[in-house]
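One chain follows as structure tokens, the form predicted on its own.
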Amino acid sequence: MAITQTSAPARAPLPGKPRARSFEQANRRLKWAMLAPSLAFVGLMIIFPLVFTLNLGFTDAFGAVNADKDYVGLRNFGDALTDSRRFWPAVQRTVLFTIGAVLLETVLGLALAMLMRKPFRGARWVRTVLIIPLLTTPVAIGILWLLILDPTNGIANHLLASVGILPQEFLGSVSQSLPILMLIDVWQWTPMMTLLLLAGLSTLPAEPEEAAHVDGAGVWQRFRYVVLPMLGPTLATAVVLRSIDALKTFDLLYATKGPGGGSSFEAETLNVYAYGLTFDYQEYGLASAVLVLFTLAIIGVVILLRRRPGRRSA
């Protein structure tokens, strides 16, 4: 009996791949179509003020923004850059305030994060207390510290007198105002640095540190050569974010020192200076030029801070 061999029917090509690809493309188009209105709105809200301020910086606008004005080219920028009485001292104070505050906040925040890294009794309460300064507005904090540091009735001088230290003027002093404001900023924003660095520490693997401990490395050696390099990206991000925010500090300074940063401009940063030009002197053209220069400086600081960690890691 002969057995006839029948060939198996040829398989049709698997359907679905072109359909899946077209579905992904349609999904991508739908995603961008849904995001487009929000992106356009955010872009407009960012680009329009920048372009408007830049355009105003090339004019001699004075008294009112919509008043008649003429284009004066780079005169406002030249006047700002050659002003050694207000502009450059404000730049110096801005740099000193930012570097001093961010440096102290980073060191204290890293120290507190390392102390809170291991679980202990009452950790939740400690973290809750740390968040309290962040929940308060800078204006309220400024008023609170004005009451504490009042030379006559403030509790700070009473505490100093109890240990035999003479009363201090604090925010009423030309020489003490900027350092005191830096310490107030440190009091408010160190908790944020602590929480950011604590979150970074919680994601680090434990094996490298345990291996270093087995090899005989001490606490400082493990921190310096194991923990700190692994924490580098988180630390760099925290420093960049806090530096940008410190550069823009205005409400705390204005709430404590008022217009001009004090009678002798002892706490006048670039933000306070630009605000005074705008609302006190109504020199909108010059104020816009100062703000443009300030924006360029912030962009330069961000680029500088972001490049260094990359080069180190490379």
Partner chain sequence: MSIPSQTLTRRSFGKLAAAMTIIGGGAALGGCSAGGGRPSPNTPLCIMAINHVWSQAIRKHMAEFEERIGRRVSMSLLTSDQLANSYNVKLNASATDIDVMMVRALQEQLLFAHNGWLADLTDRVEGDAGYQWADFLKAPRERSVTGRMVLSVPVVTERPVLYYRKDLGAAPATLDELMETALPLADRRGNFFGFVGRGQRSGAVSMWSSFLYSFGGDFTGQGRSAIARPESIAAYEYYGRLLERAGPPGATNMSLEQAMPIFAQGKAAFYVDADAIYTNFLDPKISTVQETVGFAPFPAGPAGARPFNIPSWSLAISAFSLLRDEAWQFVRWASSPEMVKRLQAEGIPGARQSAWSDPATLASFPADLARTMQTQAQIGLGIDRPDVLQVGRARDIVGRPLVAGILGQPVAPVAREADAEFAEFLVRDNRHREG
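Numbering follows the first chain given and starts at 1. Heads up, when I say rigid core I mean the largest set of C-alphas that superpose within 1.5 Å between the two forms. If you're wondering where the values come from, they're calculated on a predicted model, not measured in any experiment.
Missing here is the form predicted in complex with the partner chain; even so, the following discussion is about that form.
- Contact annotation: of the candidates Leu39, Ala33, Leu50, Met45, the single residue with a non-hydrogen atom within 4.5 angstroms of the partner chain in the model of the complex is Ala33.
- Residue contact with the partner chain in the model of the complex: Leu247 places no heavy atom within 4.5 Å of it.
- When the partner chain is considered in the model of the complex, Ser263 lines it closely, a heavy atom lying within 4.5 Å.
- At the 4.5 Å threshold, heavy atoms of Thr256 reach the partner chain in the model of the complex.
- Shown alone here, Phe58 lies farther than 4.5 Å from the partner chain in the model of the complex, counting heavy atoms only.
- Of the candidate stretches 197-205, 121-129, 169-177, 228-236, only 169-177 contains residues with a heavy atom within 4.5 Å of the partner chain in the model of the complex.
- Annotation for 21-57: interface residues with the partner chain in the model of the complex are Phe23, Gln25, Ala26, Asn27, Arg29, Leu30, Ala33, Ala36, Pro37 [heavy atom within 4.5 Å].
- Positional change of Leu50 between this form and the one not shown stays under 2 Å at the C-alpha, relative to the superposed core.
- In this overlay on the rigid core, Asn27 has a C-alpha that sits 2 Å or more away from its partner position between this form and the one not shown.
- Once the rigid core is used as the reference frame, the Cα position of Ala64 differs between this form and the one not shown by less than 2 Å.
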